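Single chain ahead, written as structure tokens, the form predicted alone.
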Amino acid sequence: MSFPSLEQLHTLKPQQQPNYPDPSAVAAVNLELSTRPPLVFAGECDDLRSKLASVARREAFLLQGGDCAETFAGVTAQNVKNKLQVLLAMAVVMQYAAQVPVVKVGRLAGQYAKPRSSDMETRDGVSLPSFRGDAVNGFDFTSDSRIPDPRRLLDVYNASAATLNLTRAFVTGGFADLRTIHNWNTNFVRTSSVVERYEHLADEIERAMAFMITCGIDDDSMRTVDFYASHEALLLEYEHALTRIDSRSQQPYNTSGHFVWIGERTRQLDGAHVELLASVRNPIGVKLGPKVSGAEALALAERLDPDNEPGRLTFITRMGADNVGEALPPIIETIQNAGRTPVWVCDPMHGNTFSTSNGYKTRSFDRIVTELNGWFDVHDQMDSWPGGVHIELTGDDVTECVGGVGELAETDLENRYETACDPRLNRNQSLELAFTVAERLTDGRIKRANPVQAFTPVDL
């Protein structure tokens, strides 16, 4: 099976692409990228698709999180470790609450480009190209810095390779030991002003682990985890150069990441991004905003997943706290009536962004929680499976989102506002959100049958 050429994709007028000044330089970079080894392997993508099929069957839950926009300077062992730490800690809480496996996917090793609402940015009467992420241009507001440079795509490749190497070493080298991970959660509830019910949940998990160990369950399943990489497949030159034909199946795979998604701004049914991702065998996602109709969502499903294959397609909804209750049900109803079971994931971040009076782009923790609760409510009403959450977060103690356990105010944002694009939850806000999701997963578990625990006793 082949995949479309870059020339074919460009005839579709792709959105949100850099305006490179030198086409020959772009061609040279494309050629070099196309000869470099894959960053991920087709078999790993197949494994993730199988796990997401379990999510679609109501037998697992997806946790996907990481930076809004990665930076080259952020590719350090400590930064990668911090992100993994908070994601793994969140997963333990959610898995205990849901009593189903949690599929762990990072927004990392490729999330270096961001779509922008405007091609230009103006400051003090000076207009320059908008910063589109380290994959495209520089953050500094200067003419030289903001010129799109295709050789940055080679830096994306190198940074992603380094991040994946570190990640694989951490998740298989003892860092992901279940007892270590839970220790982070117990420290959180003991040192933060969290509600008492979170302390009870942490104590329950600790007792459950003690029971497992006394039963002799102390093998690799306690010490290692499967962890996957994802990013928005935004820059066509990069994604196309890393799309390869698998030697086993002769099928095309995007080897830049295990899971890639199409953004809200690039999900045109006849657009280049849909055309490219329709041709690859990776599990893929699509972001859906509050204005999308059920018919549009169904058309995307039929185009991207014509065989209705479990685990192939994930819908990541980003509705906003005020819209989720009305906008989401007709989409789910249309998809259900068509006999389709995609993975339903909530992105409660992007629909709840606002600017403060002192000029910071931020998000309210309370609004994030409101959208999450509304999303769970809709799935309860529709008898559909709330399959996962998609969170922009960091493992550091930044001050980018207001509210949460630290009660951050707008005046606190200037202390450590470090994001390259959109505001992220910090470590404690992320863990608090995990306990919030855990409560809803516990409620759902009580109301629903759990197929993972299905067992027929043997009577001798």
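Worth saying up front: this structure is predicted, and the values here are computed from it rather than measured. Numbering starts at 1 and follows the sequence shown.
Quick note: we don't show the form predicted in complex with a small molecule, though the next part is all about it.
Though the small molecule is absent from this view, in the predicted complex it lies within 4.5 Å of a heavy atom of just one residue from Lys361, Arg303, Arg168, Arg223, which is Lys361. The listed set Ala53, Cys68, Val29, Val40 contains one residue whose heavy atoms approach the small molecule in the predicted complex to within 4.5 Å, identified as Cys68. Segments offered: 172-180, 138-146, 95-103, 116-124. Contacting the small molecule in the predicted complex at heavy atom distances within 4.5 Å is 116-124.
Not displayed here, the small molecule is approached by Arg265 to within 4.5 Å at the level of heavy atoms in the predicted complex.
Taking the partner from elsewhere, Cys421 is found to have a heavy atom lying within 4.5 Å of the small molecule in the predicted complex. The small molecule is not drawn, but in the predicted complex it has a heavy atom within 4.5 Å of His350. Residue contact check for Glu432: none of its heavy atoms lie within 4.5 Å of the small molecule in the predicted complex.
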